[in-house]
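What follows is one chain in structure tokens, specifically the form predicted on its own.
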């Protein structure tokens, strides 16, 4: 009991500190993780073997970590597969950014639609959705928002509606694949789902939702966008050419090839047995080897703080799991729902969504994975059903508020810097209805198809 109280206290304090943002998040989770090891495992449990198991470094040197044989492996604590995969993808993305790939893509599509505002609006929503399926939404919005603001200045339209739509579509696209959003990486790695498992389940829900979301944003935003002169009476010669965005032509094609290799490896990893850890390390090494003299530039821009954030977080959640706290939460949900599996799905989706609208969805999803595993074991409901419910809730719910997801913060900050501040009222007025639309679609689809 004392160990449980200590684990819960550390977790709650960690969450409060993350929400208040007084201290950088990676310092919070690393400090909380160290406290968990010392207080929960060292002082309360006096179980140094469990402490070593939570750190989980031994998993990295096993063959199963790099190439799975299909056998189920239970490894609590730090999920090094998630950390290495995310880190590898970050290195690859920084390599692509260095050669100007994202800026080139944005400018190329804008030129293809002849710089007309509404076609750009629709094209950028689609591009945001597709890119976020393979690349983290922060990177997607970072480049899309900057190009949108540049085009808005040249074509004289308000960039806010377009940025809001891009942010939402990036979060939605991230829900479609295993590598699209960190919660999905956590869910997929811990529950042994493949890239195609996500595509054929959450991917279908995301695609159906995307059709409705495009229609929603078009009808809500078209008046603001149609008041512009986008493309009309504009001297196209003053607009930058797509090719001007490319800073290294050879590197451009090399990094594009690495990106395509990563996609192929992800799509086929269920057949090849190559784990996400192997894929992440492989694409990182390819990027490093081919970067030449620019390798330090690429490595310096990798978001190491997020990787450290994950490591500390996994230790804290491991403490909750080891002391049985998460089983208590699962039992509580089980008692409320009984055999009403539809109610269980509704609770998982909407609780995840509401929580993710105000707190970081990464620690929430990491906490809930063991909970849904316990629910599946004790109630008989399919783990797949709960996994897809958790993924959709955490991925989409964050879109509802300006602080709910990193992409939201990046997008609104870019707009404010360009002289177009987006307040909570304006943001929520447009994004909350869109979020509800997707959550309703996800709830109905999961209940109809999986129950």
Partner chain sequence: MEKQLIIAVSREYGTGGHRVAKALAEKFGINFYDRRMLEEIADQKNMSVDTLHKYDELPRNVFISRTVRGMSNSPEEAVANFQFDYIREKADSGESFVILGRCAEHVLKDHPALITVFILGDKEDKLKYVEERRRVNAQQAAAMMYRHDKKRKAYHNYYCPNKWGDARGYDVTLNISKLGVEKAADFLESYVRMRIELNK
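These numbers were taken from a predicted model, which means no experiment stands behind them. Numbering follows the first chain given and starts at 1.
Note that the form predicted together with its partner chain isn't included here; everything after this is about it.
Check: residue 404: heavy atom within 4.5 Å of its partner chain in the predicted complex?
Finding: Residue 404 belongs to the contact set for its partner chain.
Check: Does residue 31 reach its partner chain in the predicted complex if we count a contact as any heavy atom within 4.5 Å?
Finding: No.
Check: Is the gap between residue 42 and its partner chain in the predicted complex 4.5 Å or less for some heavy atom pair?
Finding: No - in the predicted complex, heavy atoms of residue 42 and its partner chain never come within 4.5 Å of each other.
Checklist line | in the predicted complex, residue 321 touching its partner chain (heavy atom, 4.5 Å) | finding: Judged by the heavy-atom cut-off of 4.5 Å, residue 321 is well away from its partner chain in the predicted complex.
Next item on the list: Mind telling me which stretch in 33 to 41, 396 to 404, 380 to 388, 46 to 54 gets its heavy atoms within 4.5 Å of its partner chain in the predicted complex?
Entry: Stretch with heavy atoms near the partner: 396 to 404.
Checklist line | Heavy atom within 4.5 Å of its partner chain in the predicted complex - residue from 440, 19, 432, 13 | finding: Only one listed residue qualifies here, and that residue is 19.
Margin query: Under a 4.5 angstroms heavy atom criterion, identify the one residue in 327, 303, 150, 197 near its partner chain in the predicted complex.
Written below: None of the others qualify; the residue that does is 303.
Note to self: Pick out the residues of 126 to 151 whose heavy atoms come within 4.5 Å of its partner chain in the predicted complex.
What the structure shows: 136, 138, 139, 142, in sequence order.
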